[in-house]
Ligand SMILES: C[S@@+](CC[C@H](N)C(=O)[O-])C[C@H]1O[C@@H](n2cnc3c(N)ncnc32)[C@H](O)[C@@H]1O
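First, one chain by itself: the form predicted on its own, in structure tokens.
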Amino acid sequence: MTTPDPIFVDPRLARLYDAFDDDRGDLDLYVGLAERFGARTVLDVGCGTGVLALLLAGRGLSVTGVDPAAASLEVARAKPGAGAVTWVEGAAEAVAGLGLAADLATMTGNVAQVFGTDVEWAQALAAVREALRHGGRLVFETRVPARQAWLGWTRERRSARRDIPGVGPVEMWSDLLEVALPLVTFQQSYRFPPGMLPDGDVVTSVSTLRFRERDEIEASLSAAGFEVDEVLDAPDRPGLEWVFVARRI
């Protein structure tokens, strides 16, 4: 089982996530695909703070959001409309016993890349397949390795400041720690107002993502019982990501 990064499990950081990741234009594609496929039931794997799950539930879809990070789910459950979503704490494998027959499963953002080993990725795909009806679709995005997205994960190119209600001004910056392909490790740091925290003003979160090539992903999907229907370009990051649309067979 993949252990969630501190940004998701530390309550101090989980409450900051939406403020620093406030441009969710990437989710328009998923909402559009749900409509295009006529999906009525959706499984959102790695739902985090619930942004996509709530968008879809607001459109009348039956949505189950699963995530291993309790702090992120706490943020999600506190949002307006959260009662319309079924929230499940656990890894992707947690959905295996829910008896779902979803029309669509999604993995947005970095979710598909947090599975660092082939075993973890295969287990996640197997669990999602079991939760889909025959012919149901899995949609996820992953960065194109050749575009070297990690070059932008530095303090000079990735920093921001937000005013957080009840907290005050918080600064965020990234530092690239290691590139050992197919794994890339980086750190995000958050500086809170002086005296806000008992153990220092800066809290850090280290993340490692797996960069898989297209043929590697297609082979893993085939082995898990999926057929790739199409590979789309991410409209919010043209040329930088693949969006896989795979059908359970």
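Note that the structure is a prediction, hence the values are computed from the model and not measured. Residue indices: 1-based, along the sequence shown.
Just so you know, the form predicted in complex with the ligand exists too; it's not on screen, but the next bit is about it.
Of the heavy atoms in Tyr17, some are within 4.5 Å of the ligand in the predicted bound form. Proximity of Ala57 to the ligand in the predicted bound form falls outside the 4.5 Å heavy atom cutoff. When contacts are judged by a 4.5 Å heavy atom cut-off, Thr142 does not count as touching the ligand in the predicted bound form.
Residue contact check for Trp121: none of its heavy atoms lie within 4.5 Å of the ligand in the predicted bound form. Picking from 154 to 162, 107 to 115, 81 to 89, 168 to 176 the stretch near the ligand in the predicted bound form, with a 4.5 Å limit on heavy atoms, gives 107 to 115.
Between the options Ala34, Leu61, Ala69, Val184, the residue in contact with the ligand in the predicted bound form by a heavy atom within 4.5 angstroms is Ala69. The partner is not shown here, but in the predicted bound form the stretch 40 to 67 reaches within 4.5 angstroms of the ligand through a heavy atom at Val45, Gly46, Cys47, Gly48, Asp67.
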